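This document opens with one chain alone, in structure tokens, the form predicted alone.
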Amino acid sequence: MKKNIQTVFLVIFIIAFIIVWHFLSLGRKTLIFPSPYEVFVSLYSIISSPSFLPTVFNTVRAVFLSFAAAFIPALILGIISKLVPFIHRLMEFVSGFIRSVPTVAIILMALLLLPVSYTPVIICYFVVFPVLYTNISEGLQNVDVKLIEMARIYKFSNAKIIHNIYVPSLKTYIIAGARSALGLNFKVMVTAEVFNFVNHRTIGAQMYMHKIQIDLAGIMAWALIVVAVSIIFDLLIKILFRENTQND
């Protein structure tokens, strides 16, 4: 019942947003600001293009490559930080420092210092890594000590302690971190692709082409595509972890 009410409110909000958008476009003083109809026409044109799927695939592939490259060291360093207090303090400083650096500064430095073809993935790595590491580290640090002590009293093996205590505690943090990191990853990846205009078949490059043509409808259409793809993968993460939790 609650989900049905939320769905109804969401539909009402979307319809109201489109109506307001339509009336705003009617009062436009220039030909740049598009109406909802013009954006959806552009969206249909983009989706029906033969280059649409390869373009989306290239960006999604780069997103998951950078996500995997950040997740593995974040998990390893999170575990080490739990075991070695000095590493925990050091990584808290490092991750905090990386989070404080403006994304634009990371993009510009990467473009100047690194091979052009790898810059989007490397840029996303540095943006996403602190998010993943912080969530993993917090999940391990916040494990209930009393549960560990009880497991020791009942002489649980290390494998059982990890499987029955650490993994369930960490899973919630990993889900939250993965969802936040993946959504952020899509936004940063597209931004990096706009700056890194090498491969024309990426979402960022296509948005840059529409910008050159002063086609705001095309830019907004691609923005809707990025939002849709990001939501789809967010739902997939929720479904994947939900099924794993039920199997456990």
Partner chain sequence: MIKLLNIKKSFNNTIVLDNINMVFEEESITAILGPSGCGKTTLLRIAAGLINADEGEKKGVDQKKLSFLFQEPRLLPWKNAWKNLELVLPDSIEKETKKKLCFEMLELVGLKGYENHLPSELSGGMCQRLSMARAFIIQADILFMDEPFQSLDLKRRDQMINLLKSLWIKKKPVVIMVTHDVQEALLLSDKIYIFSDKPTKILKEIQNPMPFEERTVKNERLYELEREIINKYIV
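Positions refer to the first chain, counted from 1. Quick caveat: nothing in here was measured; it's all calculated off a predicted structure.
The next section is about a form of this same protein that is not shown, the form predicted together with the partner chain.
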Exercise for review: Run the contact test on R89, E92 and F97 with a 4.5 Å heavy atom cut-off to the partner chain in the model of the complex and return yes or no.
Suggested key: no
Point to revise | The unique member of I153, L113, L83, V104 whose heavy atoms fall within 4.5 Å of the partner chain in the model of the complex | key: I153
Check your understanding: With the partner removed from view, which of 174-182, 126-134, 158-166, 70-78 is the stretch that lies within 4.5 Å of the partner chain in the model of the complex, judged by heavy atom distances?
Key -> 158-166
Review point. Does L147 reach the partner chain in the model of the complex if we count a contact as any heavy atom within 4.5 Å?
Key: yes
